[in-house]
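Just one chain is shown here, as structure tokens, and it is the form predicted alone.
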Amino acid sequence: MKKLTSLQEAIAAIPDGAVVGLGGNTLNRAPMAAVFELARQNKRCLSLVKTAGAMDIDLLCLAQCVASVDAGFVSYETEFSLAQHYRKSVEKGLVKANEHACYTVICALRAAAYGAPFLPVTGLREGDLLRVNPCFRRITDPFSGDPVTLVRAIRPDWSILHVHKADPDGNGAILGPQYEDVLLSRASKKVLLTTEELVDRDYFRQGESKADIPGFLVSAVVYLPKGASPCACHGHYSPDKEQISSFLRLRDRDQLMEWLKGGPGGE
């Protein structure tokens, strides 16, 4: 089956209401071109999953694409400060924030990757997370009799990952920090790769390079240089601060749609 496709076709396959994992970390290697296309296609009621999000989650909240967010952290953690669109969406009750620690998102994804309904998280014993997030349960350890916290598995319907190299069969390689991208590929039902460089099949078949993400896990591949911009991509480009600042000046969805026409990823 042909996996190499256009960004528009790949995003069209993601239905409203899907659970969507987003790769990268804060302003590093987030799949921003795909995020822009989700907004352009007016996707609705998405449940986003990410350990540490920033512009990706913020933009999709401004675009009114989001129903809920499972994340350990959503903020720019730079001179750009807080993710105000995400924050306002949660405060207004438009988006449900299922607060986690980054570690508990990782455990929830590991559970899905292992085919388990949940995993214990021994580091989480007390705190408001246990009260406000329905993903957590407290049980008695049948071996020791001590209390233990469980986190429910999170299995994305789709995960969108931006990689450095991919071949037409969906084998992908990440150079530099991998964050949770490899784990997302194992935990998800389907995976969309956008890639800085499209290599031929022999790159992984005959060379010394190994695929971090094997092609049999991948449903679609899009050749998309600068697919993480205006976020950074290790070894290729740094954050485009002018574009990020331009986005942060937007105040509503109408302004965002106009910005997307001429902004990064625009036509």
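These numbers come from a predicted model, not from an experiment. All residue numbers refer to positions in the sequence shown, first residue = 1.
The form predicted in complex with a further copy of the same chain exists for this protein as well; it is not shown, and the discussion that follows is about that form.
- Looking at residue 197, you'd find every heavy atom of it more than 4.5 angstroms from a further copy of the same chain in the predicted complex.
- For residue 165, no non-hydrogen atom is located within 4.5 Å of a further copy of the same chain in the predicted complex, even though that partner is not displayed.
- Residue contact check for residue 136: one or more of its heavy atoms lie within 4.5 Å of a further copy of the same chain in the predicted complex.
- In the predicted complex, at least one heavy atom of residue 151 sits within 4.5 Å of a further copy of the same chain.
- Residues 103, 110, 114, 115, 116, 117, 118, 119 of 96-119 are found to place at least one heavy atom within 4.5 Å of a further copy of the same chain in the predicted complex.
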